[in-house]
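First, one chain by itself: the form predicted alone, in structure tokens.
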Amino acid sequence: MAAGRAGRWFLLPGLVFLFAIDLIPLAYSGWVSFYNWWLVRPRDVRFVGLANYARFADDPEFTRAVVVTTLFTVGAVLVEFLAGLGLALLFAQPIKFLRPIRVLLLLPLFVVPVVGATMWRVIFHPELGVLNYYLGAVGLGPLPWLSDPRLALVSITLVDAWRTIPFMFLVMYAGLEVLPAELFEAAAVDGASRWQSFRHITVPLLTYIMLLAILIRGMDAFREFDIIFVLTGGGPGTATQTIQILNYRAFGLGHMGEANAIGIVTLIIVAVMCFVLMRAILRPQGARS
């Protein structure tokens, strides 16, 4: 017991560090969000309470940003999940020539997001881009990938998926590798098809890993900024203006109270999303206990 109590003291440096770099700035950000603070007028700082938050309820631009962020998050995570799971199932097959290709699938993970977004901006170029060149060769282009409001959101979603599908693949593939082979062998002996084995064995055993991967990617996608900023800057118009782009513009204009309020609202939304998914992950375990 004494050793256990003494061991808790070793947690103190980490807790102090966490408090210093996370909780103190978060508390300060929350405090600033209650003020009308414009850097152009640094002496005219007034306490407005929840006025910065109440303004969001009647602000169509903020509502639009929430909708765009949600569409981007759902679309990106869905594409990444399905593609990552499909690739994991493919590479889990005992095919020798597929093994060296696994390393190539991970390359986008090592590309800096700004560099990758700049590369894709060139690919999407309406006149010089290689994508429109090949689409034009088959009579399907060119297409205004980043200047058409209907295509811009699809374009940034595909670029985000390109960068993070390897993460989903890696998580799913690792989960498939540790599944007990005896269950699949027994199912094959009983005459189960591959689809039946996947539905009744693979999916139930991978549920927690799937939900955890979706949770991690959902939090990251909801806070995505650099790819969207480099590709479209939130345009055309407000077609790709997410909450983070709106937050960046508020900071750029010096509206510190409004910008910090947007950050706190983002934190609350992500926390609620995390809470819902964590309940989905832990609920079956609690039911069994």
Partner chain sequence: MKPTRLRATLTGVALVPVLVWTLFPIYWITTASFKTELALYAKPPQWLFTPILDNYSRVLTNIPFFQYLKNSLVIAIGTTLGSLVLGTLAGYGFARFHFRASEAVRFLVLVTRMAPRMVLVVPYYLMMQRLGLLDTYTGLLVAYVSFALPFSIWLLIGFFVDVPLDVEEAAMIDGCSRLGVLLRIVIPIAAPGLVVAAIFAFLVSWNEFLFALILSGVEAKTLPVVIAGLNTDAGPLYGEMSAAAVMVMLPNIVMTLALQRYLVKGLTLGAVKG
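Numbering follows the first chain given and starts at 1. Predicted model, so just to flag it, every value in this text is computed and none were measured. We call the rigid core the largest set of C-alpha positions that still match within 1.5 Å between the two forms.
In what follows, reference is made to the form predicted together with the partner chain, a form of this protein that is not presented.
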Applying a 4.5 Å heavy atom distance criterion, does L26 contact the partner chain in the model of the complex? yes
Classify E177 as contacting or not contacting the partner chain in the model of the complex by the rule of any non-hydrogen atom within 4.5 angstroms, answering yes or no. yes
Does the partner chain come within 4.5 Å of any heavy atom of V103 in the model of the complex? yes
Does A271 reach the partner chain in the model of the complex if we count a contact as any heavy atom within 4.5 Å? yes
Of the options L135, L71, L170, I201, which one has a non-hydrogen atom that comes within 4.5 Å of the partner chain in the model of the complex? L170
Can you list, in sequence order, the residues from 228-261 that come within 4.5 Å of the partner chain in the model of the complex, counting heavy atoms only? Q244, N247, Y248, F251, M256, A259, N260
Checking L26 here: with the core superposed, does its CA move 2 Å or more between this form and the one not shown? yes
Spell out whether the Cα of M256 moves at least 2 Å between this form and the one not shown when the two forms are superposed on their rigid core. yes
After the core is matched up, is the C-alpha of L39 off by 2 Å or more between this form and the one not shown? yes
